[in-house]
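Here's a solo chain for you in structure tokens, the form predicted on its own.
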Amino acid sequence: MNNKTAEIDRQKRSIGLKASARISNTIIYILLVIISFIWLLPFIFIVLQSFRCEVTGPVGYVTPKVWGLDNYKRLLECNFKTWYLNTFIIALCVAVLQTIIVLCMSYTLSRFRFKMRGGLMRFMLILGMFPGMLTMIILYRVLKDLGLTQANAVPGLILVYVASSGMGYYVSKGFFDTIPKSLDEAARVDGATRAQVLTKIILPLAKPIVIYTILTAFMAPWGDFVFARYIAFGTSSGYNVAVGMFDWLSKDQIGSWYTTFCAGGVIVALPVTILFMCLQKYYVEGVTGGAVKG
């Protein structure tokens, strides 16, 4: 009798715990949906405004009265194509070069032991704590002396974005530290060079961190405005999309370019959104894997 009573009590507790878990999960999901809606609301507003055709300036309502693609067609008739191409070239070059530099630096610091290795890592860590704004004036002077501002701002921005890439080794090095060194040693015994070990053994195992590095390297210059505005000015051919579209929000132009600005924002957001949605799994694995060991 006592055994049956105890069994009934255990079943009741189990049912109670399951019910409590369902209720708490439901509350959490509702809160997440509400937060997501609030977070997405500005983006929904921009998308709706990009299809508004009755008025080109700001209005006091959200849903367009006249729908159309006039704003997207207008993007093809202005300098937006040049700005978009400049941004794509900058982001692509930075993604390729920065990924190569970061992975090589991370592999070196993870696998090699040399004099002043720890000092070098601490120096780059401390140096990275200083905000990049402190270097803007001197960087501008250097780029101006090299003729890499205004109309030639694209190669100048690529140079600046790539120059300090090696300092972003932290996450990648942490991921490489989780890969056993015995694999390197076995490959070296079989006659593989260091380059072959990295490209044929380590990188295939480190796919998440490679994709994570590519994504972060691509997204940073894609959405940059502050430094690009400082370097690219006065000449429309050297603008990226952020700098070029910002001029549409001036007092003189916002009345006729506001809806076109919204359409341009949608076009600019699409590549990064698609990339992130397709590669989200590897992005999360790269972040969590690189945080395991430092």
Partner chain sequence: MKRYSDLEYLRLGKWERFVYKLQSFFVAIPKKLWQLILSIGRFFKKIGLGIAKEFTDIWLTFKDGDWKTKTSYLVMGFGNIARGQVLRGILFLLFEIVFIGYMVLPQGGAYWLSKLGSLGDQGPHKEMVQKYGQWVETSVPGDNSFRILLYGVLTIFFIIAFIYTWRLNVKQNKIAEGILKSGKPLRSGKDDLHSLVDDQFHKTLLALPLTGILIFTVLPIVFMVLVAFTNYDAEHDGLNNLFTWVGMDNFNTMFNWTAGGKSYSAAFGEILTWTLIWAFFATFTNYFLGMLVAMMINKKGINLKKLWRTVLVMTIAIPQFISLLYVSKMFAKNGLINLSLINLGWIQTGQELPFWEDPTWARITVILINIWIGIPYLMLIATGILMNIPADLYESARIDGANPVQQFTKITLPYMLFITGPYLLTSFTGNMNNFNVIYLLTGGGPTNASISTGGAAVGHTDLLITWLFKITMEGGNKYYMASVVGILVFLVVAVISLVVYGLLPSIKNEEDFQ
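The term rigid core refers to the most C-alpha atoms you can superpose between the two forms while keeping them within 1.5 Å. Predicted model, so just to flag it, every value in this text is computed and none were measured. Positions refer to the first chain, counted from 1.
Beyond the structure shown, there is the form predicted together with the partner chain, which is absent from this document and is the topic of what follows.
Inset, instruction - Please pick, from L75, V160, I214, C93, the one residue with any non-hydrogen atom lying within 4.5 angstroms of the partner chain in the model of the complex. - result: Flagged contact: V160.
Legend entry - Touches the partner chain in the model of the complex: L32 (any heavy atom, 4.5 Å): Residue-level check for L32: yes, a contact with the partner chain.
Inset, instruction - Consider M277 of the chain shown here, and say whether it contacts the partner chain in the model of the complex, taking contact as heavy atoms within 4.5 Å. - result: Because a heavy atom of M277 falls inside 4.5 Å of the partner chain in the model of the complex, the answer is yes.
Inset, instruction - Decide whether G234 counts as a contact residue for the partner chain in the model of the complex under a heavy atom distance cut-off of 4.5 Å. - result: Contact with the partner chain, no.
Inset, instruction - Indicate whether V154 is a 4.5 Å heavy atom neighbour of the partner chain in the model of the complex. - result: Heavy-atom contact with the partner chain at 4.5 Å: absent for V154.
Legend entry - in the model of the complex: members of 71-109 within 4.5 Å of the partner chain, any heavy atom: If the 4.5 Å heavy-atom criterion is applied to the partner chain in the model of the complex, 71-109 yields I101, C104, M105, Y107, T108.
Legend entry - V160 C-alpha shift between this form and the one not shown of 2 Å or more, rigid core reference: No: V160 shifts by under 2 Å between this form and the one not shown.
Inset, instruction - Classify I274 as shifted (yes) or not shifted (no) between this form and the one not shown, where shifted means its C-alpha moves by 2 Å or more with the rigid core superposed. - result: Shift at I274: below 2 Å after core fit.
Inset, instruction - Determine whether the C-alpha of K251 shifts by 2 Å or more between this form and the one not shown once the rigid core is superposed. - result: Moves: yes, 2 Å or greater.
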